[in-house]
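Next up: just one chain, as structure tokens, the form predicted alone.
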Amino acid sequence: MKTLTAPVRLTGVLRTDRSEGSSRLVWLIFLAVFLVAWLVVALGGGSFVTVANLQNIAQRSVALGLVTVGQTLAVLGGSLDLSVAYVVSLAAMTAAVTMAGDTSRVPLGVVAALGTGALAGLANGLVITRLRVNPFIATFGVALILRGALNAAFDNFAGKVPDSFQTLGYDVVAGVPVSLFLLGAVIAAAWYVMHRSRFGHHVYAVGGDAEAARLSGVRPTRILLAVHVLCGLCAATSGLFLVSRLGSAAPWVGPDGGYDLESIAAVVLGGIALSGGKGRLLGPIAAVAILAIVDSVFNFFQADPFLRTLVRGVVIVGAVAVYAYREARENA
């Protein structure tokens, strides 16, 4: 039996090893994609490594990166969340309508947006744990509920954030976008929770084997509720970033970004096992950067968006195939 890395009382057999899975391979893929992009753009007569382009790639990574952090927590816990795109829209709409262009209402708007995200995550968790609905169906159902509510209440852009709040979406400090500091803070907090706390240990345990975790004194229901609330908070934070960029919000802000399937794709590309309990948090972050680099290259060449989707699909399938081959060799 492997030695546990967290001080948890064992009353049964608990199998969990956070060292299983590594983000090293996906970071190597990121480096290779970056170098190929640099070469391709150079051959096309452009310059890939410029401050403006790197800032653009960073900005492109923020919204999806925030959602992906939350999605990673859910998947590591043995679940997933298909409602994140509509939680992004809900949070953005809540912030814009609450702030109403008034700087003094910014704190209230931020709290309200985060609160709606947490409530949406809690709803997902309760449907999964109390009603025992499969996470795919449960979160898809919540997504449809949110979609219906948003479309019934709004049919166009609504609300407004003050100019001071748009600092988050546009300002740069020492050449680094302010929004990247937000993403970095969220990643750092999530990394600490998942890799240095007892809660993170329990998330891996529940994702690896919920019954064994229960027999060992862990409460899987509470863990699943918590990871879904955190996922909702991450999606809401992404909504705050997007509304700071747009100045106001619309019901289609989240779905148009494809943050539900894109975040799951980043999780898979980042080496996280969809079965849960295996993988490292930083892998999906590298995957988000890879997707942003691919987008940047296609934008440089003004390529057909359908071709861009095709290439993204090839990259994801190829990466997953490499992981599967590598795991098969290790288990042989």
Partner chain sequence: MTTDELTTAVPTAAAPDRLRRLRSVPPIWLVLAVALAVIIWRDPSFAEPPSLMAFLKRCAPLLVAALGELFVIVSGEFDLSIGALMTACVVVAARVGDGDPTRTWWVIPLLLGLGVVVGLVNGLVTTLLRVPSFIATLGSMLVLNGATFLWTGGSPTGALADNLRRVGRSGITGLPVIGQLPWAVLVFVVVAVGATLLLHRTRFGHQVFAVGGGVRAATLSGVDVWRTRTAAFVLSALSAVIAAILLAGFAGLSQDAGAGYEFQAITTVVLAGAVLGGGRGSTVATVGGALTLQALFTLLNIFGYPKPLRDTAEGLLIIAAGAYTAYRARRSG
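The model shown is predicted, which means the values in this text are computed figures rather than measured ones. Positions refer to the first chain, counted from 1.
One more form of this protein, predicted in complex with the partner chain, exists but is not displayed; see below.
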item: Check all three, Phe136, Gly148 and Val314, heavy atom within 4.5 Å of the partner chain in the model of the complex; value: yes
item: Residue among Ala58, Val294, Leu274, Val36 with a heavy atom within 4.5 Å of the partner chain in the model of the complex; value: Leu274
item: The unique member of Leu90, Val142, Val206, Leu73 whose heavy atoms fall within 4.5 Å of the partner chain in the model of the complex; value: Val142
item: Residue contact check: Ala289 to the partner chain in the model of the complex, 4.5 Å heavy atom; value: no
item: Interface membership of Leu307, the partner chain in the model of the complex, 4.5 Å heavy atom rule; value: yes
item: is_contact(Ala249, the partner chain) in the model of the complex, heavy atom dist at most 4.5 Å; value: no
item: Distance check, Val320 to the partner chain in the model of the complex, heavy atom within 4.5 Å; value: yes
item: Residue stretch of 277-285, 27-35, 43-51, 259-267 approaching the partner chain in the model of the complex, non-hydrogen atom distance within 4.5 Å; value: 259-267
item: Contacts with the partner chain in the model of the complex, stretch 154-173 (heavy atom within 4.5 Å); value: none
